[in-house]
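To begin, one chain is listed below as structure tokens, in the form predicted alone.
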């Protein structure tokens, strides 16, 4: 049975590159009917932090990448020591003080068929004796990896191409221990829009940051799976459907380029298709955070606003920018907007519109439109001459959903109040 692992170090948060590695391992396991192991590689006791581990686990769960088995290397030091002692006893390793090193035979080639890059080979003349156990009693990275992968039955090691140089060293350790060597696949790096390695400027931030910025987990997963792999002529695809099509051999050898605009577009597609009630649950904490709603709030009102704006959002935080005017008690108009409104002789029209909307029953989209159209006809105005100024007055924006739908969600009191405040009518 196929068995893969994702093995992050809790010396930092889970970033995009690591999340994609976890995703490809998870997809390969599901595609092959295998299992997925999460192993926390916390052998660096000084730099490993419990808060980083907690964030990694939380981000994995948020992305939907659940695991079948879980291990922590810090709980397995006795196993590594035992395996190192075995190699010393067999004459395959030696002590250098309190450290243990593997003897590397010179003049031979170490070859492996990479699942993504085909044949790769290294000459052992370029590989020095390998540290297995450090002088402080902790295992070296490659040694703990090999021991764990072997004893956990890992059949395929899928990781970033920055680990290619570690692979021949690890194969030598497998051979010395008498363990079966797994298959290796090295994923291409993710590059920024500038063509350089991913940086914070071009997307290299923690999964937690994307979550905080208002990205949906399924959208982030959809985008990450397309960084180096394609399900065919399909840009929006759910995780389960993608697993049915996934093949590690179809992963590109060349670096993938991170594109924030494409990620936002993908997220926007998922927001549009998302259930409004779920979106409301996600947006309410953001509204509270910004002080736009109280602890006790009208959920139906918020849900109506979410429904109105969800087709115009690329991230959940876009709602704050686009729909925030609905929740503020007093709308602040810029000097430019005040000047634009003041340049037009609309005081009478605004006053009449406010007066009639105040009496409209019920106050809904249809009633607002009826009052508006009857008034412009009575005043001999073109609808377009009043739509824009009214939108500015009630929302402080030049764009938005339909004016009458906006009035209905904003509500009678605030709509009328803002119309009157625009000209003090």
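Model, not experiment: these values are computed from the prediction. Residue numbers count along the first chain shown, from 1.
This protein has a second form, the form predicted together with a small molecule, left out of what is shown; the following refers to that one.
Chemist: If you check 306, 145, 251, 219 against the small molecule in the model of the complex, which one has a heavy atom within 4.5 Å?
Modeler: Looking at the other structure, the residue within range turns out to be 145.
Chemist: Go through 358, 369, 55, 41 and name the one with a heavy atom inside 4.5 Å of the small molecule in the model of the complex.
Modeler: Of the candidates 358, 369, 55, 41, 41 is the one lying within 4.5 Å of the small molecule in the model of the complex.
Chemist: Mark residue 163 yes when one of its heavy atoms lies within 4.5 Å of a heavy atom of the small molecule in the model of the complex, and no otherwise.
Modeler: Because a heavy atom of residue 163 falls inside 4.5 Å of the small molecule in the model of the complex, the answer is yes.
Chemist: Does the small molecule come within 4.5 Å of any heavy atom of residue 7 in the model of the complex?
Modeler: Yes, residue 7 lies within 4.5 Å of the small molecule in the model of the complex.
Chemist: Hey, in the model of the complex, does residue 270 get a heavy atom within 4.5 angstroms of the small molecule?
Modeler: Residue-level check for residue 270: no, no contact with the small molecule.
Chemist: Is the gap between residue 265 and the small molecule in the model of the complex 4.5 Å or less for some heavy atom pair?
Modeler: Contact check for residue 265: no, nothing within 4.5 Å of the small molecule in the model of the complex.
Chemist: Heavy atoms within 4.5 Å of the small molecule in the model of the complex: which of the stretches 211 to 219, 224 to 232, 189 to 197, 137 to 145 has them?
Modeler: Partner-contacting stretch among the options: 137 to 145.
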